[in-house]
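Alright, two takes on the same chain below, each alone as structure tokens: structure 1 and structure 2.
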Structure 1
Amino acid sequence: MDILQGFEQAKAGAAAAGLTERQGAVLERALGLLVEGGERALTTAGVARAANCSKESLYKWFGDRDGLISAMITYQAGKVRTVEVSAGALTAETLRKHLIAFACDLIDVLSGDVSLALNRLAIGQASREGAGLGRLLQERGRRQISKRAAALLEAGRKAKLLAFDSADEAYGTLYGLIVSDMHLRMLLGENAAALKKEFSPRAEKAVDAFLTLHGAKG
């Protein structure tokens, strides 16, 4: 799915990172290699062969292998477009609907194969050079979706439908209720599709649990 996404989104990803279409296409192939074979498959020669470009161009465009990886992350992050929550009147029912939609989207994102591959890559590199890639991934990927949740929670509080002290903490609770250990298990190689099927029905329950904890009494 992620791979077969529309051309427009890919172009947006390239544009967002200030890259030419050609370079975006190369990054797309590189992401394909990464998804297919993990970090071991992400060799400069392999990317060049898969993308029909020369290693020389790779090094000219991205500096070195780490630069290529960073570009892959920002490129992929540029494709994600967060849905703006309609700031219309918020009732208990629409809030619940929005929260459930958010939960499903979150599960979708986390179980996407490109997302999993990039997270695995960043985690693998996290041990050696500081947290460079990890921070980048966190910043460009997670930030977006957490912003959306924060806006939703804040709107719920404004409408007197939610009660919490810290929005961050409330988001942490919501995230934990939805995701639990699903993400880690997928990262460790458990069948992502099966896990997604197992966890999706729980999205509704997770939201209801969250509302039990933080919903305004009434």
Structure 2
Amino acid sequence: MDILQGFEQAKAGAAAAGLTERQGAVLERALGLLVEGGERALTTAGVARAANCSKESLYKWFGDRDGLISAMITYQAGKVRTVEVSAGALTAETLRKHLIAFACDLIDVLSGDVSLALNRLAIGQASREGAGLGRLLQERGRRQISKRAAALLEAGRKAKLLAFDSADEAYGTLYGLIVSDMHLRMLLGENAAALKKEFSPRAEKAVDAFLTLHGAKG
């Protein structure tokens, strides 16, 4: 990921969570602490110190620690960008372009240290503390991404470029084609850097396979 892409994703994450750029920067630092030091590093005092803000500001913006973690997940999920576009503005070419951009963002975010750390933490907690973090990742993470992507797919269907019965099911197919077993392999320790050369071709192949399955015929 280049610097400009990272900056644009950060802006998208803040916008998706309804945050100012300053609040987004605080969450970015909190996510960095999670990657660097694990769950124990994610304290209110630690985040305030690392982000150069007061604990009072953290409580005002995010509430308690659970609220902070929820905001972190929403912010991270917002980095997977989708466009809001009307059916009338779509062509086969622009739809494919938008889907490939979404696929690249999804792969980039899922393969990043932050998402891997959050998922590993959720897996570890599920066996000893219930599935609270796992539910947050589903509700504030995957479902929010799914909702935005499904809106793009619906626009494609209204433009008679896509054919499917359920946008949610169609998104499930698209997600599976994009991610495949890649995320699991990285969660199990496979080097993400070694896989990065596959990311762009994977995104294009996944979208083309999806369009073969769900592209409107005739």
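Residue numbering: sequential along structure 1, first residue numbered 1. Worth saying up front: this structure is predicted, and the values here are computed from it rather than measured. Note that the rigid core is defined as the largest set of C-alphas that superpose within 1.5 Å between two forms.
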**Complete:** The chain seen in the form predicted on its own is the one numbered 2
**Request:** Tell me, please, whether between the two structures the C-alpha of Ser111 is shifted by 2 Å or more, with the rigid core used for superposition.
**Result:** no
**Prompt:** After a core superposition, would you say Ile73 shifts its C-alpha by at least 2 Å between the two structures?
**Reply:** yes
**Message:** Aligned on the rigid core, do the two forms place the Cα of Met186 2 Å or more apart, comparing between the two structures?
**Reply:** no
**Asked** Once you lay the two forms on top of each other by their rigid core, how far has the C-alpha of Ala45 moved between the two structures, in Å?
**Response** 10.9
